[in-house]
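A lone chain, given as structure tokens: the form predicted on its own.
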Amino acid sequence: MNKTPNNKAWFMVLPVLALVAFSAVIPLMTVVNYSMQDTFGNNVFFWAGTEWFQEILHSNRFWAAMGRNLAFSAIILCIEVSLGIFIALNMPRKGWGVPVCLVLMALPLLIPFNVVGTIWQVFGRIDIGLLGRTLAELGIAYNYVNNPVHAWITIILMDVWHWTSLVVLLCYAGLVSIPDAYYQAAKIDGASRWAVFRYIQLPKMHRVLLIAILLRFMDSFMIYTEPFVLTGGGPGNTTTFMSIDLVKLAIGEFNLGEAAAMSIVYFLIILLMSWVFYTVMTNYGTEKR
């Protein structure tokens, strides 16, 4: 007996669609509108067409900021994914150590972004900070305020401390889902620790690693609050990422048209690179299976 499908349940989705339209689509259309106009204030706008997009794409300032973003994201992914897998592999699977490790791993994720920046700002100070004062006592001239290399190292350490836990928890969830039969078969075959990781654990973590890499890439490429609180984009412009430069352009220089165009290009770059990551990793996983 065929039943007539009841589509009335879709009406329950309408509030969600309305909320998404209000919180995402409408602001996006506003940005698109601003990106094609210019203003001198007093809410008076002039049509500019694609002028701002052309200026952005030919701007050394834009490409320099994007280069810093790409370098930061590449370093962060290499460190946090590798470190996250290593920690997850060495976490206990049974006993009282499991909840303790999970809680300790989750703690950094609960700290707000601005608080993380403030913590590391104080932590790295050479007069009262534990890190800065310790390095000074050891005779190391550490100063993240004036030295670009030290600023980059501090921001990278801060992000690794804050976000490696996310990779750890995702990898750990993938590891605990592996049936014991796989390990028993590997033990019978005399497989080495590396062989177990290469042919059992890594393939089973493929999907969670895909999620971890996508999340960490998007977050690291859009990073704003932590480096802004820690260094303010300095010294000079060495830690001025695209998000910081975008805020300076929109609020500091009140160049709404150029800032709107930059935000759209910024969004499209993140969308494109996330799609590339997803496509490459899913194709790699399909080939392995």
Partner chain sequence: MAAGKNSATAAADGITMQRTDAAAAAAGKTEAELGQTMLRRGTQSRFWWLVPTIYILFLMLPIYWLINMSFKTNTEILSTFSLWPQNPTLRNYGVIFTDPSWYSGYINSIIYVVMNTVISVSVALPAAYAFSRYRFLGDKHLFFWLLTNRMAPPAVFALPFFQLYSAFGLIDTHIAVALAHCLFNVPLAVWILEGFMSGVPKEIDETAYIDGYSFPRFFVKIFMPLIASGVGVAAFFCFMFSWVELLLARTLTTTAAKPIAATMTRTVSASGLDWGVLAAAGVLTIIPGALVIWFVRNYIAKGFALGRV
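Since this is a predicted model, take the numbers as computed values, not measurements. In this text, the rigid core denotes the largest set of C-alpha atoms whose superposition between the two forms falls within 1.5 Å. Numbering follows the first chain given and starts at 1.
There is another form of the same protein, the form predicted in complex with the partner chain; it is not shown, and what comes next is about it.
Among residues of the shown chain, P27 is one whose heavy atoms approach the partner chain to within 4.5 Å in the model of the complex. Among heavy atoms of F53, none comes within 4.5 Å of the partner chain in the model of the complex. Using a 4.5 angstroms threshold between heavy atoms, M281 counts as touching the partner chain in the model of the complex. When the partner chain is considered in the model of the complex, S165 lines it closely, a heavy atom lying within 4.5 Å. Checked against the partner chain in the model of the complex, the candidates A71, I140, V81, V122 yield a single residue with a heavy atom inside 4.5 Å, and that residue is V122. Contacts between stretch 172 to 191 and the partner chain, counted in the model of the complex as any heavy atom lying within 4.5 Å, involve A173, D180, Y183, Q184, K187, I188, G190, A191, listed in sequence order. Fitting the two forms on the rigid core leaves the C-alpha of A21 displaced by under 2 angstroms between the shown form and the other one.
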